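To begin, one chain is listed below as structure tokens, in the form predicted on its own.
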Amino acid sequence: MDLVPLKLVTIVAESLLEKKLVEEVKRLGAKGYTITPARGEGSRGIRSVDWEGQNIRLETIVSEEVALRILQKLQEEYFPHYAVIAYVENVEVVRGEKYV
């Protein structure tokens, strides 16, 4: 069994951005994604779920090239205007052809 090195991009954002973020990551080259609810506290404090809506965690496994495109788009269009964070982790996957 061969493991293929790829990147796991995780984006935590306001739920109102879900549709737009999904469209963006797919347009930038992601073949798929997983979305789960997210809660927590960061530099902006604890968000009031009743007033602001909940956060989502969007995860996608992609090539390094696609990961960099996603991060660049987030930096240019999302970070200045929305409560969004993103990070990248190195992962090794089975059936790597599904992701690139």
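Source: prediction; values computed, not measured. Position 1 is the first residue in the sequence shown; the rest follow in order.
There is another form of this protein, the form predicted in complex with a further copy of the same chain, and it is not shown here; the text below is about that form.
Student: Is Val88 close enough to touch a further copy of the same chain in the model of the complex, meaning at least one heavy atom pair within 4.5 Å?
Tutor: Because a heavy atom of Val88 falls inside 4.5 Å of a further copy of the same chain in the model of the complex, the answer is yes.
Student: Do Leu17 and a further copy of the same chain come within 4.5 Å of each other in the model of the complex, heavy atoms counted?
Tutor: No, Leu17 stays farther than 4.5 Å from a further copy of the same chain in the model of the complex.
Student: Does any heavy atom of Ile61 come within 4.5 Å of a heavy atom of a further copy of the same chain in the model of the complex?
Tutor: Contact with a further copy of the same chain, yes.
Student: With the cut-off set at 4.5 Å between non-hydrogen atoms, does Ile56 touch a further copy of the same chain in the model of the complex?
Tutor: Taking the distances in the model of the complex, the answer for Ile56 is yes, it comes within 4.5 Å of a further copy of the same chain.
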